[in-house]
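Here we start with a single chain on its own, the form predicted alone, put down as structure tokens.
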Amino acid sequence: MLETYDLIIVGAGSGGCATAKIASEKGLSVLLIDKRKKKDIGDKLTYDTIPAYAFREIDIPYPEGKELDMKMEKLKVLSPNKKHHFEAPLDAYLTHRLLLGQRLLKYALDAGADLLSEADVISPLVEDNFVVGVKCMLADGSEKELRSKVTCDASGIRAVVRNMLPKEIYNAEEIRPEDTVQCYREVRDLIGTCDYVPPSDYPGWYCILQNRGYFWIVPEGDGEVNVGCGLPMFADNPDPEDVTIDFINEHPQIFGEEVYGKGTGPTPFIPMRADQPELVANGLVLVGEAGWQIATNSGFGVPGSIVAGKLAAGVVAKAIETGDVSREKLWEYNVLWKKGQGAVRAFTDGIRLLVQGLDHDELNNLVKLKLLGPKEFSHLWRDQTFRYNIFEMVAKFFKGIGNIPLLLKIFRAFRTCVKIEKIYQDFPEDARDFDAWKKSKDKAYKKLSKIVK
């Protein structure tokens, strides 16, 4: 190991590995730090659904062989009462998460990055209002200080670097409980099926809208099924474990008794909202869940992390070359993300708030009438925005003419989501204009909140 690195990355998840791969390819000295053993990096309770564009983003092959469980081609969306549904086309892969994680790690190491595993970051190193590295607790219990020109926090929702910084260096925006999703899942044998449980050869997954979140049933390899839910943490929402177990117990003819895996993975919580307003500070960049770069409708974390890692690595490399790693010099990363995927995710976050604000009767009508249907859900699950032509607008009007209040709520919310997307696309290239931008963003979100309540 070196005494000082160009870039230290905390967390060897998909975002950390993508950042390390590209930064190393650009000639930077890079250290990846992860609290897990090397052989466990990437491990997860179940497979992961990953849109195809994530692999194209960093020019790596699609999953194949043992890493690939299924090419995901469809998403079947069901109403809470399970009487109505539609199918949306997907372009994704159901991927063995450990094997993918190990492949991403290998790319990073082959590009020249170093790895320090079984090391827990206990604090950032700060000098003159710059992050200059981290202090770690090693596997033997000893502590070690590691220094760098730039530090990347890719440590997931724990955000171990970001959360320990003083406010004069980085002032994080707090997250509301209802914007945090709590998850639970079980893996069992799929021994039967019904109208709202997919057959084992279904090339996709079923999603039941309920409890302001969604319940999923995803066929996996060897005749097994991943069944569970992610529910926002409203005070009156049920516990996702109770919801999952009740559903399984109600269908003994469909789910086998043996449990192959259960729980939540590394954490039961997902920050399901648009990203942190700032993704940089002096000597610091945020990548992945540490910056809340999650798909705000599906909860997918890998694609956003990979896109962010690529952008962050390029900006960090240019900043280090100039000898200036200040917030202002790293600001370009904020700009690139906000104007691109950040704008997309802000739009989809607005749709998430709309759907989350509907009661079950409204959701039953929404699915029945396809007021938000295959087009919308296909775009949302691919991390894309959507627009309507005049013929689609007229068709929506006649479908919803029997439920004018719901129709108006959807159209008003949609127009506000478009406005929020435009605000993100106009993100300021000069950091001095950030406060004015944030006021504009917050005002649009307040308007949306009034519409969806």
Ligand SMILES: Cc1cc2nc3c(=O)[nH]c(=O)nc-3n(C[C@H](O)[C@H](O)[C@H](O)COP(=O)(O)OP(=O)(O)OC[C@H]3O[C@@H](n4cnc5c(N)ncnc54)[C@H](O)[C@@H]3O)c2cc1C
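The first residue of the shown sequence is 1; numbering continues from there. If you're wondering where the values come from, they're calculated on a predicted model, not measured in any experiment.
Quick note: we don't show the form predicted in complex with the named molecule, though the next part is all about it.
Undergrad: Sort through 334 to 342, 321 to 329, 151 to 159, 354 to 362 and report the only stretch with a non-hydrogen atom within 4.5 Å of the named molecule in the model of the complex.
TA: In short, 151 to 159.
Undergrad: Using a 4.5 Å heavy atom cut-off, which residue among Ala119, Ile217, Leu366, Leu78 comes into contact with the named molecule in the model of the complex?
TA: When the named molecule is considered in the model of the complex, the option within 4.5 Å is Ala119.
Undergrad: To verify the annotation, which of these, Pro124, Gly301, Gly228, Gly204, has a non-hydrogen atom within 4.5 Å of the named molecule in the model of the complex?
TA: Going through each option in turn, the one that passes is Gly301.
Undergrad: When the contact criterion is heavy atoms within 4.5 Å, does Ile33 count as touching the named molecule in the model of the complex?
TA: Close contact exists here: in the model of the complex, Ile33 approaches the named molecule to within 4.5 Å, heavy atoms only.
Undergrad: How about Thr416 - does it come within 4.5 Å of the named molecule in the model of the complex, if we only consider non-hydrogen atoms?
TA: Contact with the named molecule, no.
Undergrad: Answer yes if any heavy atom of Lys262 is within 4.5 Å of a heavy atom of the named molecule in the model of the complex; otherwise answer no.
TA: Although the named molecule is absent here, Lys262 would stay clear of it in the model of the complex, with no heavy atoms inside 4.5 Å.
Undergrad: Does at least one non-hydrogen atom of Ala23 fall within 4.5 angstroms of the named molecule in the model of the complex?
TA: Result no; Ala23 lies far from the named molecule in the model of the complex.
Undergrad: Every residue in Ile8, Val307 and Val316 with a non-hydrogen atom within 4.5 Å of the named molecule in the model of the complex?
TA: Not one of the three qualifies.
Undergrad: Give, in sequence order, every residue of 165 to 196 that has a heavy atom within 4.5 Å of the named molecule in the model of the complex, or say none if there are no such residues.
TA: Heavy-atom contacts to the named molecule in the model of the complex: Cys183, Arg185.
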